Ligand code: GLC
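Take a look at this one chain, the form predicted alone, written out in structure tokens.
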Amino acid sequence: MVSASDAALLQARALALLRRNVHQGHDPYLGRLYAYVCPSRRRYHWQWFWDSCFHAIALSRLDLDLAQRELLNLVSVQESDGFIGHVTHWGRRPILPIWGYLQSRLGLRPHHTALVQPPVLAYAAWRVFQAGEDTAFLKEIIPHLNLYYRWLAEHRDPDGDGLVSIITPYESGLDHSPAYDAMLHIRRVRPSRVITELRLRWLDAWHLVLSPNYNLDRILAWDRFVVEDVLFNCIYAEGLWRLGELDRAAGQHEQAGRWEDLAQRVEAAILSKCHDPATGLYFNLEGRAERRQRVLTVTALFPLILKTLPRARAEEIVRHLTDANEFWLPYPVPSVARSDPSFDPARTRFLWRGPTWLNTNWFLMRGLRLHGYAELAQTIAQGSAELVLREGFREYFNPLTGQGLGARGFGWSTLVVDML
């Protein structure tokens, strides 16, 4: 059991880490000042979209001013049509890693990528606004939020069913997850990281050169990798609900109603199209044919965060979550079920193929609370806190031993302060 003194210690350490990870300066190419919390000073130097949202959520409990500045810095580079890239390359950048060029539109010094990440932005903005009820912050950020979610709805839903599509695994944030192996034509259950990376970089290169230059119409029509991803769409639906609340707080009631109608439509599509009656879980829909790949990953549990999930459906998910042969391991919740052949709990730098991550724990914990499983939610929260107290703010953890893995001083693991 995590004591009150342990919780206070975690808060102090989390705040120190997030402040230590602040990058700030002047961007000579944009001619503006910037300040943001990077995910990890040693490994991840740029501003990642959903990482920044997680940082702001943790900071809403620790340093409200820094939380507001984190989100406002994130949206400051929004394009006129509403798009925000999944990585923003702030500061001097005479040369980027190869992925920085492949995932961006053509340019000598790409300022941001041409990809997206799970849309946690509205939820993060809602949390920051709830913490301070700062109407000036709301007034400044709400136009960015409305424009961004409108872009997703208009540019990423080619079949008009309410579900938005991703065009690469990097857009779900689950980089090397086995859920995408079939779409990448990876046949081995335990593929090499080199082969997987080559397949991903080839996909990037195709988007850049042959699409050309990230032409979304061509990418979606090509149908090489177009996935209606369960995790992404559950986060999208939750964000739409929160955006509706923010618009109401800003006096934009008609706009709020439109977002709430869309949120209901997205949730209905997830519950009807992604549900697998044989297992009671939810799986991604691949390509124009909407094929289901039944790889048992943490994504299959994500409808727990949906507002309209029926009680019986929640029970189906919880049955899998609490199965010791699947997700209920000594240090839950693993990113891949123990029973799945691709489960690989300790491999480093080959991400999302088994280890436990605190951001997915944070989502599932909130979903459990939403549907009345308070005790189970508390177990996940306490276990997550114990991992951080023992191993520090690591990128991910071995679900069998609890060993901390990946980057050290990893920003989004400070979400643990929001879980207690």
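The first residue of the sequence shown is number 1, and the count goes up from there. Values in this document were obtained by computation on a predicted structure and should not be read as measured data.
Omitted from view is the form predicted in complex with ligand GLC, to which the following refers.
Novice: Considering only heavy atoms, tell me if G354 and ligand GLC come within 4.5 Å of each other in the model of the complex.
Specialist: G354: no, not in contact with ligand GLC in the model of the complex.
Novice: Please check if Q117 has a heavy atom lying within 4.5 Å of any heavy atom of ligand GLC in the model of the complex.
Specialist: So Q117 counts as contacting ligand GLC.
Novice: Might G244 be said to contact ligand GLC in the model of the complex, defining contact as any heavy atom within 4.5 Å?
Specialist: No.
Novice: Does P39 reach ligand GLC in the model of the complex if we count a contact as any heavy atom within 4.5 Å?
Specialist: So P39 counts as contacting ligand GLC.
Novice: Since exactly one of W48, F393, Y373, W362 fits, which has a heavy atom within 4.5 Å of ligand GLC in the model of the complex?
Specialist: By the 4.5 Å criterion, the partner-contacting residue is W48.
Novice: Of P303, G173, P345, G85, which residue is found within 4.5 angstroms of ligand GLC in the model of the complex when only non-hydrogen atoms are counted?
Specialist: Among P303, G173, P345, G85, a heavy atom within 4.5 Å of ligand GLC in the model of the complex occurs only for G173.
Novice: Counting only heavy atoms and a 4.5 Å cutoff, which of 92 to 100, 279 to 287, 173 to 181, 210 to 218 contacts ligand GLC in the model of the complex?
Specialist: That would be stretch 173 to 181.
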